[in-house]
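Only one chain is shown below, in structure tokens, and it's the form predicted alone.
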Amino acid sequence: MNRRLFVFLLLVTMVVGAAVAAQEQDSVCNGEQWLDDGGKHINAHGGGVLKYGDTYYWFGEHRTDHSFVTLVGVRCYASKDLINWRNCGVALSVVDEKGHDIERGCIIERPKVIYNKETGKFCMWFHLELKGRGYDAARYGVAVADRPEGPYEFLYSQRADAGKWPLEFGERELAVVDTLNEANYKKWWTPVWRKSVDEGLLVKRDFDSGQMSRDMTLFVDDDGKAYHIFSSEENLTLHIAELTDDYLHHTGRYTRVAPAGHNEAPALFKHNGTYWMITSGCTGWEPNEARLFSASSIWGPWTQHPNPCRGPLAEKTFGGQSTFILKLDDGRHIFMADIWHPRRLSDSRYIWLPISFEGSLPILQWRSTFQPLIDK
């Protein structure tokens, strides 16, 4: 083939491909590739969505194909219809400064952004593991920006609520905690050990250094109070911690949910005065059955209910894992989940489903396609 003709045909193919990719979509296709305005699969895993003005902003982990650690940072995408997304670039970038908390090669997971009306700041929280330390740091990180798409300025990272006991630990509970000694439990996963975890064994262990903070989400209540919900105590117990009025720190008030229950991937919403939380079990990259909890107060007590999923692979959360629940302006909620592809993380897929109710309980009915602002 003539070289000029080959180049011409190649250019035509690229232009046509870009034009096809740029065509507006009319629905999300669960489990398929979701393309941005540049024709690339959206790279925003473990993420969450914030609406500001008339635009939705989707923040998530930028994942590469050949490394588990974070080499880029947190990406942001923008949309008017929750279907067609514009790539806004990297909202929070890792740095090359040796020893920095978010040095390239750290692990940033499950970023969430909320807007503080009083300060005018966009506040990003995320699970952070320090470079070269695996998952032993178990910190949360905080960053702020003046615009939803960033750039975000990293502020600090640390463990949670050092020197603070959970709200439910009164004199009787603290008396029991005082008798617990980790050295007495040589084997984990025994009934006796699980009982000690329920009673606060690991809370006591991490009391001075701060509680572990891993898989997480953020929730802003009707009164403007914000909360950080995260897996703690070696992923065995969920913690709900109240944030300060500027959404940048913990106040020191926190509670434990499902002690020793082994939950992660929390996603929380409120419906008719009841708080609902969907979580997953802890099985690494492999999907498992979703868990459902409810409470009349953010501080509990929390009650567990049966799996809310309905349809093919309901026992595996349709092959996904919860990450966030988005509230729409009309009061409806959208459940967001990731279908992880651990051998090629950048190609991990997404599931978005409307939350409906069956009797008094929320359910997730499988749909292969979904129009978020239209379908009910």
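Note that residue numbering follows the sequence shown and begins at 1. The model shown is predicted, which means the values in this text are computed figures rather than measured ones.
Beyond the structure shown, there is the form predicted in complex with a small molecule, which is absent from this document and is the topic of what follows.
Not displayed here, the small molecule is kept clear of Thr70 by more than 4.5 Å at the level of heavy atoms in the predicted bound form. With a 4.5 Å cutoff on heavy atoms, Asp101 does not count as touching the small molecule in the predicted bound form; it lies far away. In the predicted bound form, at least one heavy atom of Glu109 sits within 4.5 Å of a heavy atom of the small molecule. Residue contact with the small molecule in the predicted bound form: Trp285 places a heavy atom within 4.5 Å of it. Heavy atoms within 4.5 Å of the small molecule in the predicted bound form map, among the stretches 250-258, 177-185, 72-80, 109-117, onto 109-117 alone.
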